[in-house]
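Read the single chain below, which is given as structure tokens and is the form predicted alone.
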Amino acid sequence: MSIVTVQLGQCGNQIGFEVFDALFNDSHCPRGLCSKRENEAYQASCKERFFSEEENGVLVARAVLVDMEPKVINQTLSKAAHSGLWKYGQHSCFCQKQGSGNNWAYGYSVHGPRHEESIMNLIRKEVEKCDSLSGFFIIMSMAGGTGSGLGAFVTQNLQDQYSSALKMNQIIWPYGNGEVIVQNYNSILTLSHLYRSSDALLVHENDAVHKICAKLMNIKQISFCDINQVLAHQLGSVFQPTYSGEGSFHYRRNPLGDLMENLVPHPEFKMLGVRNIPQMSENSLAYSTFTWAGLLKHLRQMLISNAKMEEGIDWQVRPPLSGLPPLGNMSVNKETRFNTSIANLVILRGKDVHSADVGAFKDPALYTSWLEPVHAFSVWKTQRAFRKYEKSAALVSNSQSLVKPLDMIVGKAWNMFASRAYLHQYTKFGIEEEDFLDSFMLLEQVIASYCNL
């Protein structure tokens, strides 16, 4: 089954390019540590999901590119074409001459209705090229105007027009000290609208990815391209093919459906995060060896201590004892430090993958009391290595990890709203105070639900 990717705004288009480039390069990597036949099956599965093929054999990304300024889309098309390996479709782009000025209301209320028909027609044409549609993967940021405002509008339209197709939004959480003064307004409006129309929100925090670039990749002058390549690596490690079941050598057909089934058991809880291990520069990789036991021990501790990378993990954090009431300050400890999960999916790729023991992730203490580990935990595997990593693991988690950043964004937005700062920029495009209050109310409910796990 195929996934149609919708790239929105500057951020969405730049990340989208890196994602397709990573998917292509991985699937055509000659050193997959598996048989030729298995490698061909892996390639075919990746192609079916993310690419169509022209008669001359060139792969074309199953994507629609949308931005309100032409510069980034032109750069993205050019970079893909210059690779000579894959490209974007000739008629898969929509751009205009005037951006959204970092104003969510302008993207949502002006650009959205004005260009709705053109954008939805492009998406419809892309859908018609798929033999079978798994769903939509929508890449966007929350801080600006086009990705966030137009992104929310397009997602809503996809829900109206393709209600049975799954929609996953990959959203970029802005830097805590971002340059856009109204980024907290834009973020709460984006999140609250997506919570109503999307099936899952896959969140990447810019601050966390920046640290990965600095500490694990040893990059001195970090650019957006570096950050986007780390994001693309993480997304590729989730979406590339895996076996459909233990002992099976057939690749799963419906990646989005399987992700949702495993990770979103209730519509109140749809915020997902990704962690990867190992993650390092290619130079370091040549001198490193890993065991499954070591990788999984670190990955589990990253989960329960809410660490985004393997460096600087807090090894003091422990799950509360299963089935026993908390003692002393354990209740405080659980609230402030232990990261309770609703559902976790571990994806293992590489050598001796069938010998990896994931039993430690089945501990009931890791999960909310209303879901048994047998329903809350899943593992996907393939012997086929990812990129140049002999062994690698990804963890997609629906947990409390985003409560703190969400609470901070809501708090900052509320402080501005209480003093009525910059509200006129939104009300002049039809976003009223009631809309803000609705957003605050919905997100406060989301925070409360995650806190009560």
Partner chain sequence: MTQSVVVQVGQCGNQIGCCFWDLALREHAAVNKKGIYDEAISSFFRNVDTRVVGDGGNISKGKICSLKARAVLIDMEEGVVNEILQGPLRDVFDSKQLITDISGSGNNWAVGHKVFGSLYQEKILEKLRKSAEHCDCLQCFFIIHSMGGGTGSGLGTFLLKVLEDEFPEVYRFVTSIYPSGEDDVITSPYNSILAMKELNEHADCVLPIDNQSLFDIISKIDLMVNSGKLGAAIKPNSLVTSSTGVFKKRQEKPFDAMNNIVANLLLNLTSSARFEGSLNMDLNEISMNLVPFPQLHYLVSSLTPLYTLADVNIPPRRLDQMFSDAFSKDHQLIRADPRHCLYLACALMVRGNVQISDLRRNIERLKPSLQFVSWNQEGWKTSLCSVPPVGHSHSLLALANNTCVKPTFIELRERFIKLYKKKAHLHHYLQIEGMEESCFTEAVSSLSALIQEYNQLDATKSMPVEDLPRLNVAM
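Residue numbers count along the first chain shown, from 1. On a predicted model such as this, the values are computed, not experimentally measured, just so you know.
Below: the form predicted together with the partner chain, not depicted.
Note on contacts: among S223, S132, T291, N121, the single residue with a heavy atom within 4.5 Å of the partner chain in the predicted complex is S223. The stretch that touches the partner chain in the predicted complex, counting heavy atoms within 4.5 Å, is 206 to 214, out of 360 to 368, 206 to 214, 152 to 160, 375 to 383. In the predicted complex, the partner chain lies within 4.5 Å of some heavy atom of D407. For N254, no non-hydrogen atom is located within 4.5 Å of the partner chain in the predicted complex, even though that partner is not displayed. Residue contact with the partner chain in the predicted complex: V182 places a heavy atom within 4.5 Å of it. Though the partner is left out of this view, N262 does not reach within 4.5 Å of the partner chain in the predicted complex, counting heavy atoms only. Taking the partner chain as it sits in the predicted complex, the stretch 45 to 73 comes within 4.5 angstroms of it through a non-hydrogen atom at E69, P70, K71, V72.
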